[in-house]
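Only one chain is given next, in structure tokens, and it is the form predicted alone.
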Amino acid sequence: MEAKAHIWIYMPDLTIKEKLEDFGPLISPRRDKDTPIYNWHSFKHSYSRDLVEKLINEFELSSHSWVLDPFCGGGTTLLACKEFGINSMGFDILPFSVFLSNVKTRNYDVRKLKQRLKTFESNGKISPSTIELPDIEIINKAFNNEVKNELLRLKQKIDSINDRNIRDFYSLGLLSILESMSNTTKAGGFLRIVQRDVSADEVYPTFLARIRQMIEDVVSLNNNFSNVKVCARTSDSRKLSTKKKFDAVITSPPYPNRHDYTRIYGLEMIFNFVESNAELKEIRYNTLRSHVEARKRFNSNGYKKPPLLDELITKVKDAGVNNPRVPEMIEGYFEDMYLSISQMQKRLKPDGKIGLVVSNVRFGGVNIPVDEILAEIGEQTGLTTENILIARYRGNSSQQMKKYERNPSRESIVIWKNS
């Protein structure tokens, strides 16, 4: 197996353990596809509620503890912490992720949610929309005009709700049906164009069904969640906008696999969070350098590039890749992760723990041991690496399998302890 064939160990006490049975089933968000509230939106780049619970127990956190998630994504860490009575704070550079995390973790007045639902149920005819979406090419590919106009009528009605919590709740209901009403699908690192025969007549009933289910979830679970502190804010992981100290960090950064979240979640971003293509591009350029369009934002004073990295990048260049910016992306990713891990370390209490879910990647047949390189980089920031726990093995892309045959890379959890 790949883990036994290619292991570079930088710290003499570093332990790499296969924990496939313990963590493998927990690493995917598919486990939560039927879990109320967790499944309010299909955020594919995440892990499961049960993984957060396991790490909460491993780190011996209590009701007085605070957990940080600097890449809050779909809000799984924050929602699970709330469910188990742990205070939490999340950050993300993607506005949609911050919105999604906050809507999932709020407490709601069920009476107000149901009252608003009645206004939608009793008024099937919605006035023509006077709002327009940003002129971004993917929108015209994703929706036919009739479906798009029906979605915009719904959006206009939702935007007129004065109560922000209720408005956000209904907005998420709309955003959560966009993919099923479109000619797109989130496939791996892309928003792919597919052919769906969607009628405009399906939009309103689909939306109402979604909202009814979300309200049912709130009725059944809202009172079960402890009254703990939880919030998400827009911030860059490389320069977090908080000085609070945390007992633990549970998170997963973007993997260096060229997945661009501003494209994958482009429909959601265009419907609610950007007003122009230029604004969307600016967010894209400012994200972590895990894809080729992201750009350098911060200087990494104190960062010492691991010697192996130059060797691996040279191998990738020699092997050849379909985008010449990939080697630069790989180098930039680890520099950005040094800055992100430094921020985690500074916000972590003494003896606090970090659980970081990452995946090794492969370019041109060259394996990049992301977990081990990040473990060494974490040591540069003052952290002590306790373990690398191998959760599962992921197959390389179809293009790489065709040329280099199947040679899976491991997905792991790097565990650090603060000094």
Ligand SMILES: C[S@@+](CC[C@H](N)C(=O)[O-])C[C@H]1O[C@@H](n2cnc3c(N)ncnc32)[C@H](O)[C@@H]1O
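All residue numbers are counted from 1 along the displayed sequence. If you're wondering where the values come from, they're calculated on a predicted model, not measured in any experiment.
As for the form predicted in complex with this ligand, it is not shown, yet the points below apply to it.
Scanning 342, 105, 237, 182 against this ligand in the predicted bound form with a 4.5 Å heavy atom cut-off leaves one residue, 237.
A single residue from the set 31, 45, 394, 362 has any heavy atom within 4.5 angstroms of this ligand in the predicted bound form; that residue is 45. Under a 4.5 angstroms non-hydrogen atom cutoff, this ligand in the predicted bound form lacks residue 372 among its neighbouring residues. At a distance threshold of 4.5 angstroms between non-hydrogen atoms, residue 73 is in contact with this ligand in the predicted bound form.
At a distance threshold of 4.5 angstroms between non-hydrogen atoms, residue 92 is in contact with this ligand in the predicted bound form.
Contact check for residue 288: a non-hydrogen atom falls within 4.5 Å of this ligand in the predicted bound form. If you check this ligand in the predicted bound form, you find a heavy atom from every one of 69, 254 and 261 within 4.5 Å. Note on the interface: of 196-204, 246-254, 140-148, 160-168, the segment with non-hydrogen atoms within 4.5 angstroms of this ligand in the predicted bound form is 246-254.
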